[in-house]
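Take a look at this single chain, the form predicted on its own, given in structure tokens.
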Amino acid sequence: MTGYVIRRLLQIVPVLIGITLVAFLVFYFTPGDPVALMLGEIGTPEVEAQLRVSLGLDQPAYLQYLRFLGGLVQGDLGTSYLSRLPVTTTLWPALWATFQLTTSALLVAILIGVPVGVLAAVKRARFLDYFSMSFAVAGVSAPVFWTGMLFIYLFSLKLRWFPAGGSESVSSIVLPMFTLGIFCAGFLARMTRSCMLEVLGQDYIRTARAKGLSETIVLAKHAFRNAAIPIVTVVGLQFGSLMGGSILTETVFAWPGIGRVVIQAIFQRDAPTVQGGIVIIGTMFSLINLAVDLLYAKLDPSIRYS
């Protein structure tokens, strides 16, 4: 197990290098000058030249990229072109905000999607099955920005139960949490139903029932545990995707997450912030995938890593 974890961690390194290289090249060849954007109309050729030297933009592309990688090895993600502050001072709070939103939304998705999917599988081809899958399709099909605006209109403007946006209070997370949670619950419910239906048709399930075990034990101990691996995979992928920035939801609710920060940095051509955000997002996604792989062995004893 330890050797497997070390190999997987080493595999993350070239992936992140490739991601940063692509991000750097896209910014390097995109029209527009960050120095001109920073100075605006007040910039003179002399001031622009001095600023370009101080930012290292006068150097060849490969030297700029190598300087970024050198700082990355030391835990330095660079300095923002606009705020002139270390990128980490902006990204770490944004990452924490996204982590709060993502974990709470996934909790909502699991609490809603898994029971709905199990119920649909147990009551296959009955009213509850059709009703549950209708909910799942509606959750997946509704755009998150539309759901978010609907929630703002109903629960903020009309009922005045929750704030319309921001992160000033604990209640501010409720609306974006349920907006994302319902969307993810639709995927999770459909996956849970499919996995449960496949497992419920197996011989060992019929054997467990023939032994006289209660339906609750059959479903929980035998059926759901064996159906859990693909469900955990979906949860892990959704968690990694959401940690990459739920941009639409964060924008609708003015949530200060990392996706929103990176998008703003792209429009402002703040390359260090964008590259730092990409490194953090790529690292989080890779670590989440590793955690999901390791969880497989806990769910299925037959899986071993050598």
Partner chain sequence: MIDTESGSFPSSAMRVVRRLLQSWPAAVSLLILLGVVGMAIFAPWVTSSDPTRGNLRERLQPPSVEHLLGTDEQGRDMLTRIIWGGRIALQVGVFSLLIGLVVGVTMGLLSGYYGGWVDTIVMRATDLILAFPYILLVIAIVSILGPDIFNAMIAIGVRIIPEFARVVRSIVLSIRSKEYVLAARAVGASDRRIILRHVLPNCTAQIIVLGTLMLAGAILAEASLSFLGLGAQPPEPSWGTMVARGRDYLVTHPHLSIAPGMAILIVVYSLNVFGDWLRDLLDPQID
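For clarity, a rigid core is taken as the largest C-alpha set superposing within 1.5 Å between two forms. Positions refer to the first chain, counted from 1. None of these values were measured; they are calculated from a predicted model.
Only in words, not in the display: the form predicted together with its partner chain, which the text now covers.
A.B. asks: In the predicted complex, does Trp146 have a heavy atom within 4.5 Å of its partner chain?
C.D. replies: Residue-level check for Trp146: yes, a contact with its partner chain.
A.B. asks: May I ask you to state whether Val73 is within 4.5 Å of its partner chain in the predicted complex, using heavy atom distances?
C.D. replies: Val73 lies outside the contact set for its partner chain.
A.B. asks: Can you work out whether Gln50 and its partner chain are in contact in the predicted complex, taking contact to mean some heavy atom pair no more than 4.5 Å apart?
C.D. replies: Outside the cut-off, so no.
A.B. asks: Does any heavy atom of Val35 come within 4.5 Å of a heavy atom of its partner chain in the predicted complex?
C.D. replies: No, Val35 sits far enough from its partner chain in the predicted complex that none of its heavy atoms falls within 4.5 Å.
A.B. asks: Exactly one residue in Val122, Val140, Leu111, Ile217 has a non-hydrogen atom within 4.5 Å of its partner chain in the predicted complex; which is it?
C.D. replies: In short, Val140.
A.B. asks: Determine which one of 201-209, 225-233, 93-101, 146-154 lies within 4.5 Å of its partner chain in the predicted complex, judging by heavy atom distances; exactly one does.
C.D. replies: Stretch with heavy atoms near the partner: 146-154.
A.B. asks: Any chance all of Pro14, Ile19 and Gly282 sit within 4.5 Å of its partner chain in the predicted complex, going by non-hydrogen atoms?
C.D. replies: Every listed residue reaches its partner chain in the predicted complex, so yes.
A.B. asks: Along 89-106, which positions have a non-hydrogen atom within 4.5 Å of its partner chain in the predicted complex?
C.D. replies: Going through 89-106 in order - heavy atoms within 4.5 Å of its partner chain in the predicted complex - there are no hits.
A.B. asks: Align on the rigid core first; then say whether the Cα of Ala271 has moved by at least 2 Å between this form and the one not shown.
C.D. replies: Passes the 2 Å threshold, so yes.
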